[in-house]
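The data below hold one chain only, encoded as structure tokens and taken in the form predicted on its own.
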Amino acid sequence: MPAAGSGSRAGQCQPKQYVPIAGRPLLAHTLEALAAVPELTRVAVVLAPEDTRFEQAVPDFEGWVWRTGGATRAASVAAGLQGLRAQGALDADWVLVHDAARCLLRPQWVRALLSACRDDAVGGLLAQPIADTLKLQQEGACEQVERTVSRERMWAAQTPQMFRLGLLEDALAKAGEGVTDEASAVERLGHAPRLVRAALENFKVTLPEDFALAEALLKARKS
């Protein structure tokens, strides 16, 4: 789980993974969901080298914590894969990468991904078919429409994303640090990851208004 970012778009005074939501830091909810999936051997969190908050935020975490995160998501994921190598992981081992900011993850969605991809030659990702009409913005600073983009066959990528360690390591090394998710790196090698449908609820907390929505949904679950 890469968690080395600063969350600059979130409009918070601290990294968004530590912002309290429903009484707990955001990433504590994420880790709780992953801990409830018995098929997962262990969870590794990749933090920024200067991060000093994690142990206080999640004092009961029993996985690996590595302060080897980079300036980009791809760099942090690559560092996490190196950490798994050091723990004895092999090319053929399945690895799941999940956004710390997707704190509404449900264990059953992870298990659905595992079931769908375990025997797949490539792997896959949770995703949601696009329902909205898509507009392409004009180039430049002007927020005006250039044209409408067809939503046919369009999906919004989510996480976790699940690939074998060797394939993902190779894909990230060749794609460079500009890729925004693991599936796009794997696609550049000519592979076709499997789409596993998940709920819109599995959104990534990114903008200031997302925090209130996430809190409302988490509180609704408890009630």
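Each residue number is its position in the shown sequence, starting from 1. Owing to the predicted nature of the structure, the values given are computational and were not obtained by experimental measurement.
Not on display, but discussed next: the form predicted in complex with a small molecule.
- Between 193-201, 161-169, 49-57, 63-71, the stretch whose residues reach within 4.5 angstroms of the small molecule in the model of the complex through a non-hydrogen atom is 63-71.
- Although the partner is absent here, residue 78 lies well away from the small molecule in the model of the complex, with no heavy atom inside 4.5 Å.
- Using a 4.5 angstroms threshold between heavy atoms, residue 103 stays clear of the small molecule in the model of the complex.
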